[in-house]
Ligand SMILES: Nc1ncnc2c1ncn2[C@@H]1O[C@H](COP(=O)(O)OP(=O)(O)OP(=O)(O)O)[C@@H](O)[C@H]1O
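To begin, one chain is listed below as structure tokens, in the form predicted alone.
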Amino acid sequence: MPSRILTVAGSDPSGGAGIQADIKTIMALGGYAMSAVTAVTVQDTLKIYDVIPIDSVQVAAQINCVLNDIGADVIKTGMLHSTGVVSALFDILRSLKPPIPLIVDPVILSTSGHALLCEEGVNLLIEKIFPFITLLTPNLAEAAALSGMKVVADLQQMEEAGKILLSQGLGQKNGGGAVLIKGGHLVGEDVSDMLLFYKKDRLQKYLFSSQKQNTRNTHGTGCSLASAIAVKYADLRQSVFDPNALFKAVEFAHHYVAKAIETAPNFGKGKGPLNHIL
């Protein structure tokens, strides 16, 4: 039976990011993809031009009807966009019995500078959603914003930000949580993602590195990475928070995305989409 993955995110009409990238990744890796749409975007490979929100009541209804019928082995979130959706997600998460692993790609700001979650929404995410998170996957800018650091630009700062994020109660409701800080924008020849979590009160730190590729085709890398992790984690996990399964899922997803970038179809005039069907 395929693992059931529910993605809660925005729609990207260009097909490179958001729920479209999530669904492609999940299905390519043998999972069964379901989706709840939080917003409809107007975007292409160049930029986001507009975001049209979906009412939080309707977002909650999408999530609940799927969970009540099909269920899910992992929930993955992307752009939540509004405080209403964050609050609605909190109400759903605290009602789940048994709990479902939650992988959160904290989409706050687009690379073209478009705000995708307001400051109040970010604060609510930390306060309400963090305790349910199995894995948080911020990029460098998101790690800085969520940790309160001025900048996260090297491996030392990535570790510092990760410790701060873990101290904010990640996963405390569901047996533990981890953070994967994505280093795609690090200066240098390598792309390095850093996974941190506590195991028996000891900080565990792992670095996943690959050679940086000279390419413009990076649209939707964060969405695709988190979705790939979700599928593999669902396949491997023995509990809601399973550090060994998480390590293996992150390792697999890092190399999957690197290959998806390498074999990208080179579509569009800006940051092109990946090749999800390897």
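Note that this is a predicted model, so its numbers are computed, not measured. The first residue of the sequence shown is number 1, and the count goes up from there.
If you look for the form predicted in complex with this ligand, you will not find it shown, but the lines that follow are about it.
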Q. With the partner absent here, would 84, 94 and 128 each sit within 4.5 Å of this ligand in the predicted bound form, counting heavy atoms only?
A. no
Q.
Please tell me whether any heavy atom belonging to residue 244 falls inside 4.5 Å of a heavy atom of this ligand, as the geometry stands in the predicted bound form.
A. no
Q. Does this ligand get within 4.5 angstroms of any non-hydrogen atom of residue 185 in the predicted bound form?
A. yes
(Q) With a cut-off of 4.5 Å between heavy atoms, is residue 237 one of the residues that contacts this ligand in the predicted bound form? (A) no
Q: Spell out, yes or no, whether the shortest heavy atom distance between residue 77 and this ligand in the predicted bound form is within 4.5 Å.
A: no
(Q) Just to be sure I understand the contacts: of 218, 56, 35, 45, which is the one whose heavy atoms reach within 4.5 angstroms of this ligand in the predicted bound form? (A) 218
Q) Can you say which of 185 to 193, 119 to 127, 95 to 103, 149 to 157 gets within 4.5 Å of this ligand in the predicted bound form, counting heavy atoms only? A) 185 to 193
Q: Scan 224 to 261 and write down, in order along the chain, each residue with a heavy atom lying within 4.5 Å of this ligand in the predicted bound form.
A: 225, 254, 257, 261
